[in-house]
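Coming up is one lone chain in structure tokens, specifically the form predicted on its own.
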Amino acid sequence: MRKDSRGFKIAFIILLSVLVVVCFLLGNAKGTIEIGVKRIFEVIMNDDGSTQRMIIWNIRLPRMILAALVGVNLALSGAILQGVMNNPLADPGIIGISSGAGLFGIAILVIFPQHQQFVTIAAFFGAMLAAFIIYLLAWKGGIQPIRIILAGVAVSALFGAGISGTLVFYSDRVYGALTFMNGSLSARSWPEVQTILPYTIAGIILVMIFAQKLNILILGDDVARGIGLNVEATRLSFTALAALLAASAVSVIGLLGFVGLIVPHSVRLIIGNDYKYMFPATALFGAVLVMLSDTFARTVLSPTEIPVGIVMAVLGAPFFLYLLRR
């Protein structure tokens, strides 16, 4: 079966779907107290009041669901940005969108902790502000992808300085913000799942509906305009969607880097650039990567927990350098 054939792409998506189920069960089974797969199904289906039921239902099940949703959102955001900017180095963290969301999210957490219900909204506005500034800096008779990347790096540094300044001025409230900075799924449960789920569903629907527009956009601006596509409006709309997906993930677990860089590029190497297949494969692979990383972060030094953001940084930094050399 050829790699560029429709059958190969569908088979790859099916394989990823199986891996999602395997990683989900693995994450629920592993921990300080190990629980067998059969027992997992038993305690989910029947409330027997046992300790295992409490561990699965209140801790591991929502945590794995949240890890999957965060992986989906960040991976799709990265796939969109790489397509819009025609650059494999594009990623919500690298170009500043996550930093914008992070600055506004941290501002709510440390300055207005009594209004934590507005973290998602604030993170979205921060992400959109970062995207707007990037476009403003990159605009020069039109948008060139390389200018967006360079402007994004500068904006990321600017918002990163803002985050550091906020933590310095409110050092007495820094503990919660440190968890946010490193990207952690610790102590996350059903409320965070309910927060991110609508954005994930909406994002998946929108990217599948408009995948063909992104396929046209990556052919180049001149070709896309010749076909009749409004290039700037399409690029702006996709960037807003990428910002929304990234902001929703940042708002529930904090700054988690490199998912949007590693996943879309890896999927592209395997099944090519057709976004009709890339989007579902990217979403599934993103879920697999974050669930596996979080399971490793929870268990490698058990009972001590490592923030999943640290695990992703260890994986992502060498991958970024590899792409840079390519």
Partner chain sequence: MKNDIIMEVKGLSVSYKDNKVIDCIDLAIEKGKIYCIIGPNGCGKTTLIRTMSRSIKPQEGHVFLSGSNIFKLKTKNVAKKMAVLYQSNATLSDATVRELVQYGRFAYKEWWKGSYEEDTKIVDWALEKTRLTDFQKRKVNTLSGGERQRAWIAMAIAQKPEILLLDEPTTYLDISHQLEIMELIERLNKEEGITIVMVLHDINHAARYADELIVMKDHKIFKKGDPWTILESDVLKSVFRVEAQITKDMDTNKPIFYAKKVI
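Model, not experiment: these values are computed from the prediction. Residue numbers count along the first chain shown, from 1.
As for the form predicted in complex with the partner chain, it is not shown, yet the points below apply to it.
- Contact annotation: S164 falls outside 4.5 Å of the partner chain in the model of the complex, judged by heavy atom distances.
- Contact annotation for Y199: none of its heavy atoms lies within 4.5 Å of the partner chain in the model of the complex.
- Not displayed here, the partner chain is approached by G226 to within 4.5 Å at the level of heavy atoms in the model of the complex.
- Residue contact check for S50: none of its heavy atoms lie within 4.5 Å of the partner chain in the model of the complex.
- Against the partner chain in the model of the complex, the set S184, S186 and V193 makes no contact: no member has a heavy atom within 4.5 Å.
- Residues with any non-hydrogen atom within 4.5 angstroms of the partner chain in the model of the complex fall in just one of 294-302, 57-65, 272-280, 30-38: 272-280.
- Of the listed positions (I216, V110, L241, I149), a single one reaches within 4.5 angstroms of the partner chain by any non-hydrogen atom in the model of the complex, namely I216.
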